[in-house]
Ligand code: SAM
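Shown below, as structure tokens, is a lone chain in the form predicted alone; questions about how it binds or moves come after it.
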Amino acid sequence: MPPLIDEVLHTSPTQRPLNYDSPLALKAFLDAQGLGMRKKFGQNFLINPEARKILLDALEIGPGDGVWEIGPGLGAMTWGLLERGVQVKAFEIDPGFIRVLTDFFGAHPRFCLVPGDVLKTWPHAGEEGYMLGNLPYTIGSRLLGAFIEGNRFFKRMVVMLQRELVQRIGARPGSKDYSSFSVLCTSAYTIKPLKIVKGSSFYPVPHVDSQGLRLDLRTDVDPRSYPLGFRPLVRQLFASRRKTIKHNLYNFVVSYILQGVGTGAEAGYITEEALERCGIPGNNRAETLGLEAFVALATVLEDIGLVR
């Protein structure tokens, strides 16, 4: 077993526990440890050192900062974070990788390991200012959505995701990729796509391209200050993309506001009133609306005193 990282850092700061750039070295290590890659966890090691550096640099961290690392695997990015002097809280689900991470970094005073499914453990893990993750494709959107809807905001997040998801997150109104998830992310963060990374930069090689993404917490608005019905409203207006705003807003009023108690006429009145106050054509579709329009609709409904 390679030496513990705290010992390495006191002898040679450039020495790593593993050759994280070599698929052959990683495979040999996994074989020797009796470990394998689990498809259900979406595990792919980022073996491109340039790509790892781009992610670490984009995080803009320094000594003393606190970082959540999601899915550290065998610790390639963990090593880079500790080299930069930050406090690392690493979330790992794979029992074999948990053992390796503990062997490599467990004695380091700036390393904390949170075992288990991050979708279940994060609400109890305290708070740090930054988040970094080479996120498994299986949980990327679910995790980002859970953070935002759970009002867990970071000063900055830097993640590696499936390129298709990055396109959805950064999509503009009117584009085919624009969705409720686009609105959710941009309601809390400014979005900056980073380097596109081909499958050859990973081990094992995935069948799709990936892309880095930087999300900076917005400073012009408090993401916790949106009207109560804002997020469910956005989801409902995109629920049937081919339907008009008026149609989907009517369904929102019936289910969320009136909760099935009011009449169709009452729901129709509220729908027409909200659209008129906001100056939104009801025959358009949700993908034509920008963030401000969604906020305006939610605000009007709250002002009417009906959102509960």
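All figures in this text were calculated on a predicted structure; none of them were measured in a lab. Numbers for residues come from their place in the sequence shown, where the first is 1.
What comes next is about the form predicted in complex with the named molecule, which does not appear here.
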Problem set entry | Contact stretch among 164-172, 219-227, 94-102, 148-156 - heavy atom within 4.5 Å of the named molecule in the predicted complex | 94-102
Problem set entry | Of Ala188, Leu81, Val197, Ile139, the one that lies within 4.5 Å of the named molecule in the predicted complex (heavy atoms) | Ile139
Exercise. Of Leu237, Leu213, Met131, Leu135, which one comes within 4.5 Å of the named molecule in the predicted complex, counting heavy atoms only?
Worked result: Leu135
Exercise. Are all three of Ile61, Gly66 and Gly126 close to the named molecule in the predicted complex, meaning a heavy atom of each within 4.5 Å?
Worked result: no
For this session: Answer yes if any heavy atom of Pro204 is within 4.5 Å of a heavy atom of the named molecule in the predicted complex; otherwise answer no.
Result: no
Exercise. Does Val86 reach the named molecule in the predicted complex, with heavy atoms at most 4.5 Å apart?
Worked result: no
Exercise. Any of the heavy atoms of Gly116 lying within 4.5 Å of the named molecule in the predicted complex?
Worked result: yes
For this session: Classify Thr271 as contacting or not contacting the named molecule in the predicted complex by the rule of any non-hydrogen atom within 4.5 angstroms, answering yes or no.
Result: no
